[in-house]
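Here we start with a single chain on its own, the form predicted alone, put down as structure tokens.
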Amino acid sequence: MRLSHGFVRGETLSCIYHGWGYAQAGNCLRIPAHPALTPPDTIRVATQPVEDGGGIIWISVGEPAAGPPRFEGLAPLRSMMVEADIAALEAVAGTKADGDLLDYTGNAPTIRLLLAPQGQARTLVHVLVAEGSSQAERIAASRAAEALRRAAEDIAHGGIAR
């Protein structure tokens, strides 16, 4: 079971399947099936540098060259996986991405989408809204992002509605 499906208890990340607990340094601290055992240091997981950048968690593979970007005036709303490439997202939005950011209006106030390609036909999209957005604006932005996702996936699958 992947540790990304695990849970945090105190300062420990625990596997949801067996309950093994790991420290921030990656070493195993606890094996519930053997409570008296002190796990050897050889039982460990790889770790990566992590930083919270304005409500977005950034993970760097290796040492980061610089800190994460800051999106002043924006707050993260949600993240979603889109089974389409950036070109399909741009086609639906009717505009080109500026670096990793794509603006989309749809039927809501403009939202900013932080795009992270995940292979050739998959994109992780982080939806950002203006700080201080009302609940109604956040709901509208979430619905607009869902509509964008569906339309981009339809384009990626040859216009076949699912």
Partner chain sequence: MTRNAMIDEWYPVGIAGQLDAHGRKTALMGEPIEVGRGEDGNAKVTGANGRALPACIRYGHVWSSLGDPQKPLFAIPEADQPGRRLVDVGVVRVRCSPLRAVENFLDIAHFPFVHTDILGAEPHTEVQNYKVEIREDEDEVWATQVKFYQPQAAKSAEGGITTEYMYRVPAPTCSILYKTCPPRPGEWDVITLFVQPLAEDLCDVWPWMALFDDETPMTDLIHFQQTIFVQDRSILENQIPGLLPLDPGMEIPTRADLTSVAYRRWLKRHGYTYGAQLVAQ
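If you superpose the two forms and keep the largest set of C-alpha atoms that fall within 1.5 Å, you have the rigid core. Residue numbers count along the first chain shown, from 1. These figures come from a predicted structure and were not determined experimentally.
Another form exists, predicted together with the partner chain; not displayed. Remarks below refer to it.
Residue contact with the partner chain in the model of the complex: residue 65 places no heavy atom within 4.5 Å of it. A residue is said to contact a partner when one of its heavy atoms sits within 4.5 Å of a partner heavy atom; residue 46 fails this definition for the partner chain in the model of the complex, lying far away. Of the heavy atoms in residue 30, some are within 4.5 Å of the partner chain in the model of the complex.
Though the partner is left out of this view, residue 119 does not reach within 4.5 Å of the partner chain in the model of the complex, counting heavy atoms only. Remark: of stretches 109 to 117, 123 to 131, 94 to 102, 34 to 42, the one touching the partner chain in the model of the complex is 34 to 42 (heavy atom within 4.5 Å).
Contacts of stretch 1 to 22 with the partner chain in the model of the complex, defined by any heavy atom lying within 4.5 Å, are made by 1, 2, 5, 7, 9, 16, 17, 18, 19, 20, listed in sequence order. The Cα position of residue 119 differs by less than 2 Å between the shown form and the other one after fitting on the rigid core.
A displacement of less than 2 angstroms separates the C-alpha positions of residue 151 between the shown form and the other one, with the rigid core held in common.
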